[in-house]
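Only one chain is shown below, in structure tokens, and it's the form predicted alone.
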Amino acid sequence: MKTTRKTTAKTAVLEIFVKSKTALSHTEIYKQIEEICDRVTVYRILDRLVNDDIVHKIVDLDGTVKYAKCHHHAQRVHIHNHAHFSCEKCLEITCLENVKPSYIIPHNYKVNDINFTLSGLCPNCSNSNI
């Protein structure tokens, strides 16, 4: 059984993820808690949360790494085989939990990770263009 330290900074980062409906970059997270800890501590917390399967990484279309809370409460096997949506206007990334990417690869390949990102306009930005 894993034991994890519960620090003020880690609690603050977890609270940010609870409140956020979109993926966040290290910088976006750090700006919200810079009075609590330094940026290196935020990186360490994010690495720990990824390793503990509490959050997962998403690479933005421009190469920026963002983090989103995992929604796998009752699953024994934890995989991130859902799509993400990257809005070209507001630049927010959203997990699309019910959209499962499919692919066909040769038999001698083994997939360890999937990074499937759709891009366009999110509902908020689409409605503001009307």
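Position 1 is the first residue in the sequence shown; the rest follow in order. Just so it is clear, the model here is predicted, and its values are computed rather than measured.
Keep in mind the form predicted in complex with another copy of the chain is missing from the figure; the text below concerns it.
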Residue 117, heavy atom within 4.5 angstroms of another copy of the chain in the predicted complex: yes
Another copy of the chain contact in the predicted complex: residue 14, any heavy atom under 4.5 Å: no
Distance check, residue 88 to another copy of the chain in the predicted complex, heavy atom within 4.5 Å: yes
4.5 Å heavy atom contact, residue 71 and another copy of the chain in the predicted complex: no
Sequence-ordered list of residues in 100-116 near another copy of the chain in the predicted complex, where near means a heavy atom within 4.5 Å: 100, 101, 102, 103, 104, 105, 106, 108, 109, 110, 111, 112, 113, 114, 115, 116
